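Here you get one chain, nothing else, as structure tokens; it is the form predicted alone.
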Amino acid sequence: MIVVKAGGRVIKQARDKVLESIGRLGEKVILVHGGGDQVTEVSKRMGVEPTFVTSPNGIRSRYTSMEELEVYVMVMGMLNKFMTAYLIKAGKRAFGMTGVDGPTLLAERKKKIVIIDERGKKRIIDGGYTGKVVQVRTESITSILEGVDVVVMSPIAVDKEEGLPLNVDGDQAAFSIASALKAESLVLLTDVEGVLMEGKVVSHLDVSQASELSSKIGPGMNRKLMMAAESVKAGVKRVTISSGLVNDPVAEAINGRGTVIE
């Protein structure tokens, strides 16, 4: 079983390449997709101005108000069904879902978050409707995979305590799913070639090297490396960070293109 995470920029720029690549595979696939750029575009068209916040670690992320949550769920659902339909047309048995369905992804809402404000000062604000995945109910996914080739998953989880959908980080959702299922391979498709050091792609890292390097590179990729190391420790055999903008990106990643952590 392979888990593939395709970020929002990859979906926007090379969606069909990713889906065609998955369509060529002869094994079960779980595709976790992003869609942040598309959510931003639709939000603006609907008069909901997106808000982004920066953490003390320098990570910029979407602040999800209730209005933004409604747009997020709508747009991610639209992307999910179009991609599912594309795979069906390509001859795959595909099933589109969110982490709410089942439920599959259980999360805890972030009640408060720490941000860096416009003056460069730390400030605590209400957490909005973003969450952290705390449990993957694997039985929901495995039972569906018995009857289909590809599960297309939107990173929307359910807060069991409050009974609301939550926007969860797509990378975290993919890492959580791959770890819970002990996937053979987790492929992270990004808009860069892999982990870059001094302008060159780092081709291979073991767990300790990935953990060490995560403290030396920029926000975003450092989290990917930290989560990759934890996933391998949890039983994922291999994590590959690779470009989703090339031809046949999933096969290229499986064949070692990019940065491999194992």
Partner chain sequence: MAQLKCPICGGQVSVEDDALPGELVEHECGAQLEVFKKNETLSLRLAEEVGEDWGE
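Numbering follows the first chain given and starts at 1. C-alpha atoms forming the largest set that superposes within 1.5 Å between two forms make up the rigid core. What you see is a predicted model; the values in this text were computed from it and never measured.
Not on display, but discussed next: the form predicted together with the partner chain.
Interface residue among Arg137, Lys89, Lys81, Lys132 relative to the partner chain in the predicted complex, by the heavy atom within 4.5 Å criterion: Lys132. When you look in the predicted complex, the only residue of Lys160, Arg93, Lys182, Arg123 with a non-hydrogen atom within 4.5 Å of the partner chain is Arg123.
For the candidate spot formed by Val114, Gly170 and Arg223, every residue has a non-hydrogen atom within 4.5 angstroms of the partner chain in the predicted complex. Partner contact region in the predicted complex: 55-63, out of 55-63, 200-208, 23-31, 42-50, criterion any non-hydrogen atom within 4.5 Å of the partner chain. When contacts are judged by a 4.5 Å heavy atom cut-off, Gly194 does not count as touching the partner chain in the predicted complex. Interface membership of Met153, defined by any non-hydrogen atom within 4.5 Å of the partner chain in the predicted complex, is ruled out. A residue is said to contact a partner when one of its heavy atoms sits within 4.5 Å of a partner heavy atom; Met76 meets this definition for the partner chain in the predicted complex. After superposing the rigid core, the C-alpha of Lys111 moves by less than 2 Å between the shown form and the other one. When the rigid core is held fixed, the Cα atom of Lys182 travels less than 2 angstroms between the shown form and the other one.
Lys122 is among the residues whose C-alpha shifts by 2 Å or more between the shown form and the other one once the rigid core is aligned.
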